[in-house]
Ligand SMILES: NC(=O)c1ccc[n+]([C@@H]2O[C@H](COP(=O)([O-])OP(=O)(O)OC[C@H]3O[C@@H](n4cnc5c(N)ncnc54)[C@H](O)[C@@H]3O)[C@@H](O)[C@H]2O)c1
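Take a look at this single chain in structure tokens; it is the form predicted on its own.
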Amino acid sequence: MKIGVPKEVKPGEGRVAMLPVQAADLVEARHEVLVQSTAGSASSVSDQDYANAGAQMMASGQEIYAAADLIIKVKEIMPTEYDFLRPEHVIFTNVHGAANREQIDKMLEVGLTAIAAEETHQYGSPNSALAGEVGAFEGLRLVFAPHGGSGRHFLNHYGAPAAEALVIGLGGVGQGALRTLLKLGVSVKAFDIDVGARRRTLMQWEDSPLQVFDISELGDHLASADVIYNCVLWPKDRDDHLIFRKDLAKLSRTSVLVDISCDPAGAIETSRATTWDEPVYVEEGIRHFCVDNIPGAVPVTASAGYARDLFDNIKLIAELGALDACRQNDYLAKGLTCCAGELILAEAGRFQNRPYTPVEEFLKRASA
């Protein structure tokens, strides 16, 4: 199979979906690996590194799309890439299709096969922890007075209290945020709906300035927070929120909301995606930081984790083809988004209020 790795075109995105070590493995298995020139430069990987691994280097993304059967990416297909798409393509990337109808429309129009990588991580995305760690760091920076924050230090000095952070959600993202915040000495209040997650977190950080609460108690603590981190992935078809627009009136005018999960109008009603070029906006007098590709700020580390995590699935698709790979791997099947003009991803169908075929039904019918 011809496997293409185009350079990411989303603003602020420096990750790459495949490193030379994985390229060499695929070439040894007699697949062709096509990599766009400078695709790995932000991740400290040179074109020569890829060439030494046996990859063929190409000058443009358009050439990659024209030559490859399987396209491996990090972020969604951007509008500048739409004209490169072909019905024969298998796209394996973080599609995030439910909230992006335009992208889904284009994929259905072309008739290609797309698999949402974000749905295929058996043990959670390796970049989730990085998002929490980097997002926590960015939130603390915004607590400093020059950025409009409260001016508190992240440590307790001279009797003045340390900055207070709220962390909502104790999954991979939330644990990453805790690692940054608690190691710096920040006073943290953490919230989760799951009692097991709360107990495990308390045991892990029992000697740290941490308190843990049920999510139902969140509203009682909003007023005292210097920074609030959302680490909860919110279902796209829910119309409720953990923090509503009206709740922003409870917050200090110097506080900041950092939505690391960044679901537009999701857990935080006033959230909308931003970029690293303009990461902060103001709603109801409250600053919001909602960059939707936070791990892209540390591409060397993020690419290493992402490429390693996707590789077994890439090999499976290359050996068996997309649909047979989905039949063999339930996690791949979970990410099957569309094929031959038919929408399959249930979340996209429900959120966009359009017909879809359940994946089990589609795969059974397609094998007949």
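When you see a residue number, it is the position in the sequence shown, counting from 1. Bear in mind the structure is a predicted one, so any value in this text is a computation, not a measurement.
This next part talks about the form predicted in complex with the named molecule, which is not shown.
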*asked:* Just to confirm, with a 4.5 Å cut-off on non-hydrogen atoms, which of 128, 271, 187, 113 contacts the named molecule in the predicted complex?
replied: 128
*Can you pick the one in 222, 242, 265, 286 that has a heavy atom within 4.5 Å of the named molecule in the predicted complex?*
242
*Heavy atoms, 4.5 Å, the named molecule in the predicted complex: which of 188-196, 147-155, 245-253, 81-89 makes the cut? Say which one.*
188-196
*Interface membership of residue 215, the named molecule in the predicted complex, 4.5 Å heavy atom rule*: yes
*asked:* With the partner left out here, check for me: in the predicted complex, does some heavy atom of residue 279 sit within 4.5 Å of the named molecule?
replied: no
*Check whether residue 293 has any heavy atom within 4.5 Å of a heavy atom of the named molecule in the predicted complex, and answer yes or no.*
yes
*Report yes if any heavy atom of residue 169 sits within 4.5 Å of a heavy atom of the named molecule in the predicted complex; otherwise report no.*
yes
_Need the contact residues for 231-245: heavy atom within 4.5 Å of the named molecule in the predicted complex, sequence order, or none if there are none._
231, 232, 233, 234, 238, 242
